[in-house]
Structure formats: C-alpha cells, structure tokens
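In the form predicted alone, a lone chain appears below as structure tokens.
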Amino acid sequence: MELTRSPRVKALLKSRYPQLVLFVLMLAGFVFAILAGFIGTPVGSHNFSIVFVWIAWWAILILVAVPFFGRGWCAVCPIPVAGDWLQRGAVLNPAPKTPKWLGLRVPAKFRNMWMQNISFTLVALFSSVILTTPVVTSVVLAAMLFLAIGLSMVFERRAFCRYLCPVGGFIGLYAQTAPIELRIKDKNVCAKCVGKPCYNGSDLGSGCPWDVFPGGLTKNTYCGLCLECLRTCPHDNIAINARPFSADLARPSAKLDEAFKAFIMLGAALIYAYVLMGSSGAAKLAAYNVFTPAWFVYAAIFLTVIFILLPGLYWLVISITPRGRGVGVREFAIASTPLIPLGLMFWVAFSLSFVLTNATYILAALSDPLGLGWNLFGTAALAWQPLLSAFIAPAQSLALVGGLAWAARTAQKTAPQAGISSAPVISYCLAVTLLMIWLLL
C-alpha cells in the first residue's frame, strides 16, 4: 500500500522543514547529552547522558523504531547532520555539483558492512563501562559526531553512516523485517530517466547520500530514508509503501558481511543477557574492569562466541545433513537469513527487561539531568522501582517464541535457496532460543 498516495503525506515528506525541525531538536539533545556526561554527576543512573541515551533512546530504537519503521531513525539521526551541512555548505540547499571539500569516493574494499561489524564489536566489548559511566558515553558520542564530520569533509556522501556507524549496521540488517519501505513505482520510468537526479542530485535536492540508486533498490538494508530521492524525482516515481513484515527476507542476501552481522547481533544479545541481566557478579566485574586480566578473558570469550562459536556451529549444523554437503560462502550467507528475525526478537526480549527495570530513572533525570540537585518537574527524588514487573517475563516469552516461529517460517522459505534443508536451521534456532530463555527467565 502506497502511503505517499495521499497528497498531504507526500507534501509533508517532501518538505524539508519538518525534517529540519527534528534534526535541530535531535542535535540539541545529542550535544546536551555529550555535555551532561562531561559536566554532570558521575553517577550514571542520575546523568542525562546515560539515562536518555541507553534507556530512553534505546527503548524507542529497539522496541518501536527498528521493528516498525526500519531505517526511520536514520531519517532523523543527529550524528551526520553537521557533516551534511558542511559538505553542502548550506542547511537546506542541495549539495553543489562541485564538492566544497575533497569529495573522494570511499575505496571499494571498505564499501561493505565489515567496518560496521568491527565498530559495533568494539562498542559492545566496552559496553559495561559505556552504559554506566557518563564521561565514557560522552567520549563515544563525541567521537561519532566528529568522525561523521571529518569523513564528510574527506569523502562524498555519508561515508560514516554507510560504512562505519556501529548503530547503522544493525538498523540496516533488521530494517529488512520492517513494514515500511521506499521503492520506485515503475522500473521503465527509471530506465528512461535522463540524468538520474535521484542519484546525482538536481536543483530540487542532493543526490542520494547513501550512494543508492533507487531504481535498483530491492532491500531496506542500505536506504537511510533521507527522502532526497522523493524530492528530486522529476517523474513522481518514488513511493513510501506499507508492506508485510520481513518482506525483504524473501530475497536473502548472499553477502558474508551481512551474515556475520546477524551472528554478531545474536551473540551480543546472548552475552548481554548473561552479563547485564544475569546474577553473576564475576561476569559483571570482568566486563566492567577493562584492560584487566579478567576483562581480557571476557573479551576473548565474547569474540570467540560471536565470530567462531555461533557461526562455526551453524555451518556445522547445516553442513552435516545430506542436502548441506558442499555448503560454500554464498550458501552459508543465504542460510543465515532466519537469524535476522530471531536476533531482532532476542534484542526486543532483552530490552524489555533492561528498559522496564530502569525506566524510573528517566523521570528523575528529567528533573535533574546533570545530577546537580535540581528538581525542575518535581520528580528528582523519585525512588527507583522496576515497572510492570509482572508483565516482563510473559512479554519476553512471547517475543522469544514469536521470534522462533518467525525464524522457522523464514527458514522454510530461504533454506531451499541455499540448497539445504530447513530442519537443521530450525533446530539451531530452537537451541539458541532455549538458551536465551534460560538466560533471561
């Protein structure tokens, strides 16, 4: 169903001003979060940088934005905004044909998801400190902002978002399951279009900042929903559509970098459930005390699980069956597709517990964002208590069982495309789901 069929919806999306207002508000909040981490209280549960980034924003991202709007967060993300403005030399005007800065093309060997895989893994390894120490959160946020600005001055388009952002990689992976997509209406119109302004830009807007030609777009993974193509298309051939969940997964990717992103996200969810929500004090201390011998053991286990154990066992499981003999890289990548909805539901289940357990900190931080004794809205002294305690376990169980069913259904559709049986894939998904249930419940 085309959502942009409505003239009002289309006019709203084509106008730059609503998006600009959101950009300014998001950027102001982002900068304040950075400042709060540096000048506010070092107590993470009372500092705006921790509470609003890792509780409020994370809840919106994982529980709402990614499952229902896919790349919707990328459409309003403040991190690339300043770099975009500098790159264009303007706030609203499109980018000039002649670059104001170097405008180099990112080398071909980096135009994939591997750098995002590495950046997410690095953030994940230090997550226990990042999620609890305001100044470390601020350093990470500031580093992402300045990297985005610096790369915009060296490379064309949004190099940081496309190839380095640790958040963008998993949003792109799970955006394939979302019921929102940007697509062309008629391929013949694109084929006949002169100049391809949707990709190259025109007086109406910039060329696609995500380096995607809409005429060849078949998946949500690399489209950032920036809406520039909607504004620049002279033939009204771009549409925002509502569609069934996981529509993209019917055309599974054969790329190994995307497959490993699925394993990284799956493994990180399992490890976070054990370390952050589990009862093991030793695991928590090891993850928090970075660069100690215990942390190096934790890091080694973390890397082994996500890069060796989970993918290795998966390859073994799908290879030992008669139909799985001779599984190569392409077949392995395609066969990993069911782990995408499974991993998303793992993160939903984990986040339900993490967010609802810590949600009362949001109201306290609203009144005293820097932990300096303010009480702007009368909620600064609100005592901590978990919210909806009786709801958490049933909701997590529903998410995990639903994720398993979703993965099983996806396996039935995609396993034949990899030349394997769906049974070992479903068995693997069942095993890791039971593990996640044990860790969380």
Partner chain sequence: MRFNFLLFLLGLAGLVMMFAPLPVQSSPPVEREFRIEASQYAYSPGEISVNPGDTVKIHLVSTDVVHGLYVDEYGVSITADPGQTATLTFVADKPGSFRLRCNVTCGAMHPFMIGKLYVGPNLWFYRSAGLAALVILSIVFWKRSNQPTITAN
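Computed from a predicted model, the values in this text were never measured in an experiment. Positions refer to the first chain, counted from 1.
One more form of this protein, predicted together with its partner chain, exists but is not displayed; see below.
**Prompt:** Which residue among Lys284, Lys255, His235, Lys185 has a heavy atom within 4.5 angstroms of its partner chain in the predicted complex?
**Reply:** The residue from Lys284, Lys255, His235, Lys185 that makes the contact is Lys284.
**Message:** If the cut-off is 4.5 angstroms on heavy atoms, which of these, Ala390, Leu372, Ala28, Leu376, is the one near its partner chain in the predicted complex?
**Reply:** Exactly one listed residue reaches within 4.5 Å, namely Ala390.
**Message:** My question is simply whether Asn117 lines the interface with its partner chain in the predicted complex - judged by any non-hydrogen atom within 4.5 Å.
**Reply:** Close contact is absent here: in the predicted complex, Asn117 is far from its partner chain, nothing within 4.5 Å, heavy atoms only.
**Request:** Report whether the minimum heavy atom distance between Leu404 and its partner chain in the predicted complex is within 4.5 Å.
**Result:** Yes.
**Message:** Contact with its partner chain in the predicted complex for Val64, defined as at least one heavy atom pair within 4.5 Å: yes or no?
**Reply:** Heavy-atom contact with its partner chain at 4.5 Å: absent for Val64.
**Request:** Give a yes or no for Thr221: in the predicted complex, does one of its heavy atoms lie within 4.5 Å of a heavy atom belonging to its partner chain?
**Result:** So Thr221 does not count as contacting its partner chain.
**Asked** Quick one: which of 128-136, 89-97, 172-180, 197-205 gets within 4.5 Å of its partner chain in the predicted complex, going by heavy atoms?
**Response** Within 4.5 Å of the partner lies stretch 128-136.
**Request:** Give a yes or no on whether every one of Trp85, Gly103 and Asn112 sits within 4.5 angstroms of its partner chain in the predicted complex by heavy atom.
**Result:** Per the other structure, none of Trp85, Gly103 and Asn112 touch its partner chain.
**Asked** Even though the chain is shown alone, can you say which residues of 340-360 have a heavy atom within 4.5 Å of its partner chain in the predicted complex?
**Response** Residues within 4.5 Å: Ser353, Phe354, Thr357, Asn358.
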